[in-house]
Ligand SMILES: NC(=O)c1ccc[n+]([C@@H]2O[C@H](COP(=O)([O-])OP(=O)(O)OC[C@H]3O[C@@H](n4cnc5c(N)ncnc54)[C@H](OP(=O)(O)O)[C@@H]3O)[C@@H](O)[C@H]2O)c1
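Only one chain comes next, encoded as structure tokens, the form predicted on its own.
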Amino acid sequence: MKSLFFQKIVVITGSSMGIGKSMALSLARQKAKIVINARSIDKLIATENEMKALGFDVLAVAGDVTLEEDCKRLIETTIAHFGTIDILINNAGVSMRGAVEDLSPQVIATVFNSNAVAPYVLTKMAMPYIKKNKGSVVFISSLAALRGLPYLSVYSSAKMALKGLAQSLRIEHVNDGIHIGLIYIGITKIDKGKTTLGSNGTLIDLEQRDGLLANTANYVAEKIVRNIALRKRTTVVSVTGKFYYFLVSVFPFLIELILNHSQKRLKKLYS
């Protein structure tokens, strides 16, 4: 039986490592043709070589999705090589740490552009092909988007913007047969060397995330792939994530109390 993704052209931003790489491998195993993208050329080429060694049809396009010219090159190179786009997964993004009063304007712009503006630009550029193929556009959001979190303000608000974009697209293309997926991911185990931005723009190494609450990148990737296969509107990853989603929706005052009570500890961790 043919896979639902057989010969589908899939563009995944931020896919040289972590969840993006796991998605690329999962979809490639189902005979999709994959376009991977990241800023780090070395990591991107290493991932491309790894996938080609496994016999997968993959194209690597390096670039920074916060730059319009790099977004354009990503889409144009994909079309030149594969001829069309069936699925766009907006996965690239960067997080931050720090109180609002301490954030440099550059950090605010970088985090918002990578997590919110880039998906708008790429979706606009890919939409003619997605619409023609009745394909999918997927936005990778976060549990941090369910309410504003202290010392993660720009990341939270940027990820919140994806819900508005997804909702708008669903109405604009209600008669086009397009799937718009929104994924809320939570605590995920990370690759060694992953960083976040400090309030002044310096890179901060992220600590490894272990324990029962931390999902593997492969687990998260499979949930995202399932969202696409079933053409679901929204997916909240993991039981813990679903419980948090429920609490934020039904008992927002309780979450506020918990965060207020934890403010000093969170400040020590994130600022």
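Note that the structure is predicted; figures quoted are calculated from it, not measured. So that there is no doubt, residue numbering starts at 1 and follows the sequence shown.
Beyond what is shown, the protein has a form predicted in complex with the named molecule; the following relates to that form.
The listed set Ile187, Met160, Val121, Ile79 contains one residue whose heavy atoms approach the named molecule in the predicted complex to within 4.5 Å, identified as Ile187. Not displayed here, the named molecule is approached by Arg39 to within 4.5 Å at the level of heavy atoms in the predicted complex. Contact annotation: Ala92 falls within 4.5 Å of the named molecule in the predicted complex, judged by heavy atom distances. Using a 4.5 angstroms threshold between heavy atoms, Leu88 stays clear of the named molecule in the predicted complex. When contacts are judged by a 4.5 Å heavy atom cut-off, Ser142 counts as touching the named molecule in the predicted complex.
Of the candidate stretches 99-107, 170-178, 134-142, 79-87, only 134-142 contains residues with a heavy atom within 4.5 Å of the named molecule in the predicted complex. If you take 15-45 and check each residue for a heavy atom within 4.5 Å of the named molecule in the predicted complex, you get Ser15, Ser16, Met17, Gly18, Ile19, Gly20, Asn37, Ala38, Arg39, Ser40, Lys43, in sequence order.
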